[in-house]
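Below, in structure tokens: the form predicted on its own, a single chain.
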Amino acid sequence: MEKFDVIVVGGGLAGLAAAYTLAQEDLEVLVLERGDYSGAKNVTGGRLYLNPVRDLFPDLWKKAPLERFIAHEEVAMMAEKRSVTIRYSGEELRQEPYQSYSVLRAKFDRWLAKQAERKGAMLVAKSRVDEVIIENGQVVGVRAGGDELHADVVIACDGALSLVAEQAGLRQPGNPHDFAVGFKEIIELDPAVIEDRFGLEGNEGAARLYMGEVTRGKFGGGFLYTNKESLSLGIVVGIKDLMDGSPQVQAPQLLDDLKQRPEVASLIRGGQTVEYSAHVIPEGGLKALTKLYGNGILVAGDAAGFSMNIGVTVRGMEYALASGYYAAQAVLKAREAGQYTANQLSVYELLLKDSFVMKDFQNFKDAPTALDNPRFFTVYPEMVTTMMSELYAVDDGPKERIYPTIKKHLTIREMWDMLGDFRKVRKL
């Protein structure tokens, strides 16, 4: 029987952050990764907000394989035949240290895995965990590939549908309402072409969110991030809406249709798709978080539900890194105490509550309910783009005044409905 101090299930950002932190304190850490390598199965839109985690890993960022720093924030409201795009460019976004970067997970995770290994962690790829070992109510290890591996603590970082946390009794099978599915392509383009099409200079990058017709009125949206030599283009849509909503659509078709839109086709023209991936994303917010600790086990990253959509931004990677770090800190405190019970490991939750992670989730606890409104994906994109179409139209007769042009779209009934929507959104 092999015995380690800690077994980490999943070699994504949360698992690698935990392994890196523990290994540099000379603990024997084993990371079990199901993919061919870390990053092979780890999928995200591709944006890391660095400021919240900069001080947790101060030695990492100078050499990290980050792509472009995001200097331009964009939101595109898409109706069936027209769109409106808002672009924000602020001086603070172009000042160092930069707030956020685009990231390619296949590259970044592989690099972070090497950093953890250099600290002393052992990483085994192509290793699927089949079962959690529980003795006398305590998680004491896992079974993987026919091997029985024991540890003082298991850290579950095995994704949004964490079977490790489920087998340990920390979560129930997921509710479709609390999850979305994302589809993404990496499209290679010459750096000069990217900079020309997006109005970028040097290592500047742009991030664009799409809402409205891109998801056929269903909960979700699209995203585009500029990398050094590629674009990350994808769609995220709520699983419950895909199951129950009308009209029925095939989720992958949404991404294909987005690529055909003139607003997107002109940006990706001449590019070559080199990667295609799909991923389940937790979006249930505070109320849907997994129980974070048990006897001999902690849960971090997507497995805990640490992903957040607040409309103008979608975040997850920094929560994964931070939760892995704080899980490691909880293990170190348990090691000092010489016990790994749920009561001892509960310090993990306290550490998270004192950090930006749980403070963010508390601040935006109403986001899932506020954003679960079909009008945001149907009525408003159509209204705004139609209004803009009429404002800019110059026909062969006299042009209507601006105020009446706007007012005819804002009927008393519509304004009443908008007030109801505002009451929900003001909780964000």
Partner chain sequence: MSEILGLKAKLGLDVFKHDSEPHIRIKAGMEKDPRLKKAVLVCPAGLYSLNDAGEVEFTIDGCLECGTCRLACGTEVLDWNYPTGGAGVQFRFG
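Treat the numbers as computed from the prediction; the structure is a model and nothing was measured. Residue numbers count along the first chain shown, from 1.
What comes next is about the form predicted together with its partner chain, which is not displayed.
Undergrad: May I ask you to choose, among K291, K107, R335, R82, the residue with a heavy atom within 4.5 Å of its partner chain in the model of the complex?
TA: Comparing distances to its partner chain in the model of the complex, the residue within 4.5 Å is K107.
Undergrad: Using a 4.5 Å cut on heavy atoms, which of A192, V312, A265, I86 is close to its partner chain in the model of the complex?
TA: Result of the distance check: A265.
Undergrad: Using a 4.5 Å heavy atom cut-off, which stretch among 348-356, 174-182, 319-327, 202-210 contacts its partner chain in the model of the complex?
TA: Selected range: 174-182.
Undergrad: Residue-level contact is defined here as any heavy atom of the residue lying within 4.5 Å of its partner chain in the model of the complex; does G35 satisfy this criterion?
TA: Within the cut-off, so yes.
Undergrad: Within a 4.5 Å heavy atom cut-off, is D302 in contact with its partner chain in the model of the complex?
TA: Answer no; every heavy atom of D302 is more than 4.5 Å from its partner chain in the model of the complex.
Undergrad: Indicate whether Q99 is a 4.5 Å heavy atom neighbour of its partner chain in the model of the complex.
TA: Output for Q99 is no: heavy atoms all beyond 4.5 Å of its partner chain.
Undergrad: Residue-level question: is L50 within 4.5 Å of its partner chain in the model of the complex, judged on heavy atoms?
TA: Contact with its partner chain, no.
Undergrad: May I ask you to list the residues of 27-47 that have any heavy atom within 4.5 angstroms of its partner chain in the model of the complex, in sequence order?
TA: Going through 27-47 in order - heavy atoms within 4.5 Å of its partner chain in the model of the complex - the hits are R34, G35, D36, Y37, G39, A40, K41, N42, V43, T44.
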